[in-house]
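Let's start with one chain on its own, the form predicted on its own, as structure tokens.
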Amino acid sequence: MNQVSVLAQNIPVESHAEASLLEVRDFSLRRKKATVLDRITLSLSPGETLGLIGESGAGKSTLAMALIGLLRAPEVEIEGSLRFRGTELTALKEADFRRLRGNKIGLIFQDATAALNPCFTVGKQIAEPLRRHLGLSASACRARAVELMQSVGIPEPRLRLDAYPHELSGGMQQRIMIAIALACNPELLLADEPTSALDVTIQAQIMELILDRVRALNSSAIFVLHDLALGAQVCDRIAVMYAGQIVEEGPSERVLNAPLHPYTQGLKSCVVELGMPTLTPIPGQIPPLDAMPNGCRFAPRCPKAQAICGEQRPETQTRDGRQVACWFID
């Protein structure tokens, strides 16, 4: 047993027999009168990867921030349940969440340049969760930081321990973010658009690196993505979000190869593929949070919409091994 596992702190958890690592049930989040997340329900098993896909403003990053406790009452109004290993996250005190955040749940931010502290060396920033959560000494933190930097592909890590973020390239900074997020071997990793701020030449390298580290730790991961093709490659399951709701969820191959919800079909029609003669964009845009339509939120943009779509919210139905919220699946 290594030193990290020996020293890892335990967070308060309830005894349970559930197979899921994460359970989200009827979770809603409101800012003033605007419902940002509306009755989100999903689950995540140990070792599983889930992709949250949708347009900007769909609520993907908001859900990730709520899961790691960066959006909490009283700043926002919350209803429903977020359970991690049997522990109700919405009821946790901030002191308990601090022991969880960065320890059992890790987060890779979208923009490493903005997320890393310019006043501290990257070595100190990697060492911080090791010191806080695992209680390692200064020398042990430094040695572990070198190992982590080496594991995420940073050459000559000992020479870069004392570098400041601005002295590293964007790709190197993102690798440092990954090292920090995985420092304590988290059971759940949240990756919020982890490659969107990087050059396309290194995006695939970073995603492969994240997946390799997640699988090596047998961790679970939730990826916030815009790229459907990337979601198909890296995720076991896909949850398609629109205007704060999940409209389709299931195995990634089924969801992306044969989508059932009109919104998922619209997203796929916007993907550039070789041999495709034209692209078919989805008309309109996501409505403002304070002006959401009644019934189905996608109805104003949906080619299949009928009267009932504007009046009643569709119930989620099971079709072909996935969950779909639409009145006219068939």
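Everything numeric here is computed off the predicted structure, so don't read it as measured data. The first residue of the sequence shown is number 1, and the count goes up from there.
If you look for the form predicted together with a small molecule, you will not find it shown, but the lines that follow are about it.
J.: Tell me which stretch of 38 to 46, 53 to 61, 261 to 269, 300 to 308 has a heavy atom within 4.5 angstroms of the small molecule in the model of the complex.
T.: One stretch meets the cut-off, namely 53 to 61.
J.: Does any part of residue 289 reach within 4.5 Å of the small molecule in the model of the complex? Heavy atoms only, please.
T.: So residue 289 counts as contacting the small molecule.
J.: Taking heavy atoms and a 4.5 Å cut-off, does residue 187 contact the small molecule in the model of the complex?
T.: Answer no; every heavy atom of residue 187 is more than 4.5 Å from the small molecule in the model of the complex.
J.: Does the 4.5 Å heavy atom contact test between residue 226 and the small molecule in the model of the complex come out positive?
T.: Taking the distances in the model of the complex, the answer for residue 226 is yes, it comes within 4.5 Å of the small molecule.
J.: Even though the partner isn't displayed, in the model of the complex is residue 193 close enough to the small molecule, meaning a heavy atom within 4.5 Å?
T.: Because a heavy atom of residue 193 falls inside 4.5 Å of the small molecule in the model of the complex, the answer is yes.
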